[in-house]
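What follows is one chain in structure tokens, specifically the form predicted alone.
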Amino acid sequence: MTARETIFAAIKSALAPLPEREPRPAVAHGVADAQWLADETDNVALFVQRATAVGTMCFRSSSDCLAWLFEQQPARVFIPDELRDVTAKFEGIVEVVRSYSRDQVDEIDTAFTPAAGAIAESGTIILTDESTPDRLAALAPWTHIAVVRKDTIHRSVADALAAMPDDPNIIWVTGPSKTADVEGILIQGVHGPGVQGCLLI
């Protein structure tokens, strides 16, 4: 076996699926809880407050979301079939498409996807493979609006970790994609949506 073959064999072995997943570590509940949470407002209000602070636009109703969307005049809006009931009134006002693929990346600038939940403490939206099968639609468009059910908002990061599903791919989204160089210039939308929204239902 050549050196090249040895290296690639080692890489292939390292990337192979594990026969069984390691169990999650047991952590006593409350260890990582923020003490100030006890006196704060309800989960929804706290989530809106924290999400807004990190740059996520929160919409309390589909009407509010539609009014904002109409002002933006997007070229095309992706809305999957599972959200049809939530966004039925959008059709006829903006151009809605029901499928998303790599070929459509340059054509669709706004996408709605269902979220697995959210975290009030940090204003974070949780996306999983199971809840958000159209992962490209959550990451590629300039504007991404996650649809979050109010009853899936966890109070704290610790609560979200305890309730984390057995999913191979979980993303926590805290505000729009952003990065900064050594000069401290903040740029949004470099490796993900430049506008992050949340529609609460």
Partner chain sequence: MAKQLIDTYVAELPPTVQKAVHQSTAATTEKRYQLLGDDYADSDGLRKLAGAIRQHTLEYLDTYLAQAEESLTARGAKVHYAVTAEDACQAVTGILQAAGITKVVKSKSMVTEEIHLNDYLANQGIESIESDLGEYIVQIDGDHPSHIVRPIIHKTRGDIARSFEREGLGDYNDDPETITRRARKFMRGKYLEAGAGITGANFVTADTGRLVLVTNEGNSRFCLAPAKVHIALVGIEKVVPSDADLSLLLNLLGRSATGQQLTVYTEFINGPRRADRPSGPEQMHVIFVDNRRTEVLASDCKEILRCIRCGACLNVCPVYRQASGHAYRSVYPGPVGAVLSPLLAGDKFKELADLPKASSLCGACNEVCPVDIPIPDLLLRLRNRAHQEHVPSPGTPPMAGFALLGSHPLIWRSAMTFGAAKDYLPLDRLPVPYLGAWLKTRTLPKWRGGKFRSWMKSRHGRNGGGGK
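A quick note: this is a predicted structure, and the numbers were derived from the prediction, not measured. Numbering follows the first chain given and starts at 1. Each form is matched to the other, and the largest set of C-alpha atoms that superpose within 1.5 Å is called the rigid core.
Another form exists, predicted together with the partner chain; not displayed. Remarks below refer to it.
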item: Candidate from Val44, Cys58, Ala140, Leu66 lying within 4.5 Å of the partner chain in the predicted complex - any heavy atom; value: Ala140
item: Exercise: Glu91 in contact with the partner chain in the predicted complex, heavy atom 4.5 Å; value: no
item: 4.5 angstroms heavy atom contact with the partner chain in the predicted complex for Glu130; value: yes
item: Asp166 within 4.5 Å of the partner chain in the predicted complex, heavy atoms; value: yes
item: Partner proximity in the predicted complex: Val97 to the partner chain, non-hydrogen atom cutoff 4.5 Å; value: no
item: Residues of 153-189 having any heavy atom within 4.5 Å of the partner chain in the predicted complex, listed in sequence order; value: Val157, Ala158, Leu161, Met164, Pro165, Asp166, Asp167, Pro168, Asn169, Ile170, Ile171, Trp172, Val173, Thr174, Gly175, Pro176, Ser177, Lys178, Thr179, Ala180, Asp181, Val182, Glu183, Gly184, Ile185, Ile187, Gln188, Gly189
item: Cα displacement of Val190 between this form and the one not shown reaching 2 Å, rigid core superposed; value: no
item: Residue shift check between this form and the one not shown, rigid core fit, Ala180 Cα at least 2 Å; value: no
